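Here's a solo chain for you in structure tokens, the form predicted alone.
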Amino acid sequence: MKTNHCKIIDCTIRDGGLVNNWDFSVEFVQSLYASLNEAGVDYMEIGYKNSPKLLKGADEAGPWRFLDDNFLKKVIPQKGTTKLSALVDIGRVDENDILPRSESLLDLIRIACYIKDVDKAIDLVRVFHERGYETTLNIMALSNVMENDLVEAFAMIKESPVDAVYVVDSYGSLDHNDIHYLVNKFKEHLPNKRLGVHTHNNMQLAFSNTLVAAEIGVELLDASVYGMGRGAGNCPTELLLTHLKNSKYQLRPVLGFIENFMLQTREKWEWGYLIPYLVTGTLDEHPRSAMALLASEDRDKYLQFYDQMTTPEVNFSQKIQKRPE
């Protein structure tokens, strides 16, 4: 398997922050960066660059939810070879809050959007591109996108300055056949763009789906240490480090980080393959219902959850009956 063209983007802080409301200490983030840098990882996504004024709950979230450039310079006073990335969401970022790349520690800004907002995402791509950043466009929830909408979006993306476009398995519902189909569709319509892949582990397929994508030419591979990410989590960085046929990557530094930081983090916060996430992945549903179940007293009632998810009209009628007068 040829994978020496691949680059790893570690999303532990950004996607993992969806698990613990970005409650990472500065020491945690500094140690992660040092470990990834020593391991040869290409990019570390150090959080979101959204604007606090455009989102509720900004006061309760950790600083990695709304990255401040001055704060970032204190956290990473000396950059290594590992580049820094941040993600923004359409409608949640004020472009005026993004400094030129020459004044920021960030190298890459990734724009996440749903298919209906691709035009808005491309507008942001142009702004960030002009300010000197590398850019990617991450179309979320691809498993729910109609093909004609995707083809229409491709026509706009092809003419844009975006560097790379992502195949995103938001619901952890795709298998290797789906990855093959989507990657080939992206390659057919976007021959001038590099490709990336972002997977979730609802059905224990994040790692294998990422490898399948790498094998057929996808360059940017998203991953997170110990798989830490929203819901079922992501493809584990440490698995890619040891498996990609690329001699520059080193596993040992990340194992040390897992031992020193991730084990205690895992005791406090829950993520990864769990049956409720299997159910939502199988049904191609957003994991929010599984997350709500796992936060309730009924967290282990898998059959009841499955029946509710597969017979929504029954569930709805039960809610009607239980509604107080």
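From 1 onward, residues are counted along the sequence shown. Everything quoted here is computed from the prediction, not taken from an experiment.
The same protein also exists as the form predicted together with another copy of the chain; that form is not shown, yet it is the one meant from here on.
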L251, Y273 and T282 - do all three of these have some heavy atom no more than 4.5 Å from another copy of the chain in the predicted bound form?
yes
Pick from E215, E103, E219, D123: which residue has any heavy atom within 4.5 angstroms of another copy of the chain in the predicted bound form?
E215
Out of A34, A61, M291, I258, which one falls within 4.5 Å of another copy of the chain in the predicted bound form, going by heavy atoms?
I258
If contact means a heavy atom within 4.5 Å, which one of 207-215, 149-157, 113-121, 190-198 is the stretch that engages another copy of the chain in the predicted bound form?
207-215
Can you tell me whether V29 touches another copy of the chain? I mean in the predicted bound form, with a 4.5 angstroms heavy atom cut-off.
no
Please determine whether Y133 contacts another copy of the chain in the predicted bound form, using a 4.5 Å cut-off between heavy atoms.
no
Within a 4.5 Å heavy atom cut-off, is N96 in contact with another copy of the chain in the predicted bound form?
no
Can you tell me if N144 lies within 4.5 angstroms of another copy of the chain in the predicted bound form, counting non-hydrogen atoms only?
no
Does any residue in 283-311 get within 4.5 Å of another copy of the chain in the predicted bound form, counting heavy atoms only, and if so which ones?
D300, K301, Y302, L303, Y306, D307
